[in-house]
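Only one chain is shown below, in structure tokens, and it's the form predicted on its own.
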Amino acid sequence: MINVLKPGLSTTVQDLGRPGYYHIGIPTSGGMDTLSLAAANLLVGNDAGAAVLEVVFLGPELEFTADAMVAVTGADLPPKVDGVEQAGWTAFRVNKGQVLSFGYLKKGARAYIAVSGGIDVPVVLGSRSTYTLGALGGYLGRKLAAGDVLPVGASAADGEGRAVPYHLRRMPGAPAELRMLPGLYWHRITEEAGATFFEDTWKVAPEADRIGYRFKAGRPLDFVPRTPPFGAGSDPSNIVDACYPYGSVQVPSGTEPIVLHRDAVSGGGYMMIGTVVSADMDLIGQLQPHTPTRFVKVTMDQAIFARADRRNTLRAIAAALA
């Protein structure tokens, strides 16, 4: 068991998500940075998809009631055991009665705490992930609070000192670059607007969470004139309701792009100019507000290659830790 002494800013139980229910309005949920999540699990000997704790900006304080192997990946949020700093992306031991805490955030936005045996909350629709808007999964369907007691699965708790090689610790660049495949409604903006969208450097807005990341500071998009179809509404960015893919990019009124993420709704009435490739969705989860960001236009072949390259990175991590 793990006693939650302090919950941090927003700490939830997450795994790789619950695909298969988007058509009935239940999003995938799961870790915003699934590569870091999987790496943390592999460090402590878990299956890559075991449940972990996702930490945003400010870490929790956790008291362990049994010995465990722990790893913290993702954001540079220095872990400490009884006040002694430990290395990130590295497996370390926490003994019975010791407290895991964290220093100040240095880089990134989300850290992942894996514990040998995994966080053993109930499986809901095939996943232990928390969907807070629907009060579904995780620990009682919500973020952690002081006084919570987290169950942990059985484990041999070995592998102390194993570390993910530096070149496999994937984090955003400066500026961050998000590869995007233009979508079904790309024709709704002018050719010049399409060019400026990729030319501009955007900044992450404060309105950035598990539902979606908003970007600002780029030039507004101009729309091709049209007569709105019945039911679409008068705003040029409106359409007759359609399904939203994971990673889709909306630009309400043509001003501030929003990339829909893990807890986003599955449909609505805003056009989508494109979709961020799946390989780069992890990077979005590590962007702090005001981070400079560029969108990079790619083809379908390039998107498929990016997905394969990300898969190979995870295989390389597993091989390095074997």
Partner chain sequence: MSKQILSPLPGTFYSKPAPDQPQFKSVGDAVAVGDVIGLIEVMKSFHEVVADQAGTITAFAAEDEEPVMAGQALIELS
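Computed from a predicted model, the values in this text were never measured in an experiment. Numbering follows the first chain given and starts at 1.
What comes next is about the form predicted together with its partner chain, which is not displayed.
Residues placing heavy atoms within 4.5 Å of its partner chain in the predicted complex fall in a single listed stretch, namely 289-297, out of 66-74, 39-47, 273-281, 289-297. In the predicted complex, its partner chain sits beyond 4.5 Å of every heavy atom of M171. Its partner chain in the predicted complex comes within 4.5 Å of a heavy atom belonging to L105.
When contacts are judged by a 4.5 Å heavy atom cut-off, I211 counts as touching its partner chain in the predicted complex. Taking non-hydrogen atoms only, V56 approaches its partner chain to within 4.5 angstroms in the predicted complex. Just one of D120, D148, D200, E207 comes within 4.5 Å of its partner chain in the predicted complex, counting any heavy atom, and that one is E207. In sequence order, L9, S10 are the residues of 4-22 having a heavy atom within 4.5 Å of its partner chain in the predicted complex; the partner itself is omitted from this view.
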